[in-house]
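Have a look below at one chain only, the form predicted on its own, in structure tokens format.
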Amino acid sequence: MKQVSIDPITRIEGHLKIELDIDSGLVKSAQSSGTLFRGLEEMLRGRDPRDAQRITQRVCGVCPAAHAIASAQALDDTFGIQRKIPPNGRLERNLMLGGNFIHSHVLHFYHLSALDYLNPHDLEGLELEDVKIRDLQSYLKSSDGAPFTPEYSGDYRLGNGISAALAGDYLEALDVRKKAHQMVSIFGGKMPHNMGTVAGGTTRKPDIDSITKFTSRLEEIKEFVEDRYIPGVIEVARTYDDYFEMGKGVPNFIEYGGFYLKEFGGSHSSTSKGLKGGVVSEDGNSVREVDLSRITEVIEHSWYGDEARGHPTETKTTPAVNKEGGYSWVKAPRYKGKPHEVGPAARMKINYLKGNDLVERELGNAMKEAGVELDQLNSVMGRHLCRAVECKCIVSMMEGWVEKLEPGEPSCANYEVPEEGKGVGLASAPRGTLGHWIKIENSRISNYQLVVPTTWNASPRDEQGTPGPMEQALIGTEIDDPDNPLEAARIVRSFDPCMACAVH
């Protein structure tokens, strides 16, 4: 038995340690360990509820718009103004969140994961007309391979031509991410950590100038997504088709749904959302609505005290640094006592099974081109494929939303902060489903809990000893060289972990 520790996993957001027990080339056991405690939930206690929109965005600089949406919706729920959000406020929230999705998905494939498959040496000696790639070639020679090194590497299959195309897309993707940030800033004032998402809606009334600026950037991004991102992912997926059988993880999926298509109807049903929610059970083909009362946070192997155990409305985040048996600052969310994967693969499968026309068409086309079936999406390449398809779907939905903005009309509802109240905000985030729970006493926050995507995916074992989704995805993997565990790194990165969110 050989013990392998990858600490830290690079090219992810935050600090993550993976420990593997490898016997005869197979992973027999895996532990996912979040190595940083932050305590934002405790910082929120005693503050004005409206501070939550600002503070919770500081959970993460990559996906702050999702936290802004979830927090604002929790306040809408608590203040009793869910049905009063003006159409402009609802649409601008969707557009800002969509811009953040685009940025995050493009970042993940090109700048965090593609480097697992792209060999920089394939670019050496190529005679290329692309000035940017020639500049990259010169940079690689002068920087000992950075940013492609250091890395776990060796299994490179793409060849010179595809590698050159992917390297060109790598560089263009930097500009796409900038444009996505700019789109969020048009309605949110700045990015990261926009100021435009507030309780009651948004702060800026749309005008012709803001709509024009937003639309022009969206058109440019659409061209990149359709002509470069989708084909690039499919090309990598075809070349590494064996990775549709690797990193399968758990058979259960959960998603709350996101992007409201009309005003909040007084329940958390996903029927009026652009991306629908639901739970996929172990049979893999039936989808049920999410019952929020069945969500619990387990802390047997997390460095938290007993107050942190239970439903998010009842828990408090109390650190227990020297806890026996603890190995992670990440809690272990469970639905009906079982681990569930969240993220684009879960979201696309749920929407496909629930008959979302847009997802059915785009995911169906992508699966056909990649030569895979629906049950293969729970895998390394399945997650990459679903993330790209989701990006295309969101761009398509955003085109419709921006056309519905009404220049000069209100974007925010009036409200008063109550003496007491409680609420929940549910949102889709780039890495999966996101929930914020808030309780107010004496017009101040008395309790605030976040259950975030990577907390689900990177969770440690529960009280039954059942590993979390990422841990299960690693167990059983064949590692060609334990001293160069490339396969494990690819599996972990396919989840696009955000440890800053997970250890909030």
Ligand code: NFE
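None of the values given here were measured: they were computed from a predicted structure. In case it trips you up, residue 1 is the first one in the sequence shown, and so on.
The protein also exists as the form predicted in complex with ligand NFE; that form is not presented, and the subsequent description refers to it.
Colleague: Just one stretch in 448-456, 41-49, 468-476, 25-33 has heavy atoms within 4.5 Å of ligand NFE in the predicted complex, so which one is it?
Modeller: Going by heavy atoms within 4.5 Å, the stretch is 448-456.
Colleague: I need to confirm a contact call. Of G258, G382, G247, P430, which residue comes within 4.5 Å of ligand NFE in the predicted complex, counting heavy atoms only?
Modeller: It is P430 that has a heavy atom within 4.5 Å of the partner.
Colleague: Looking at L95, L434, M348, C391, which has any heavy atom no more than 4.5 Å from ligand NFE in the predicted complex?
Modeller: If I apply the 4.5 Å criterion carefully, the residue I get is L434.
Colleague: Taking ligand NFE as it sits in the predicted complex, is I440 near enough to touch it, meaning that at least one heavy atom pair lies within 4.5 angstroms?
Modeller: Because no heavy atom of I440 falls inside 4.5 Å of ligand NFE in the predicted complex, the answer is no.
Colleague: Using heavy atoms and a 4.5 Å limit, would one call I69 a contact residue for ligand NFE in the predicted complex?
Modeller: No, I69 stays farther than 4.5 Å from ligand NFE in the predicted complex.
Colleague: Is any part of 467-504 within 4.5 angstroms of ligand NFE in the predicted complex by a non-hydrogen atom, and which residues would that be?
Modeller: Residues within 4.5 Å: C498, C501, A502.
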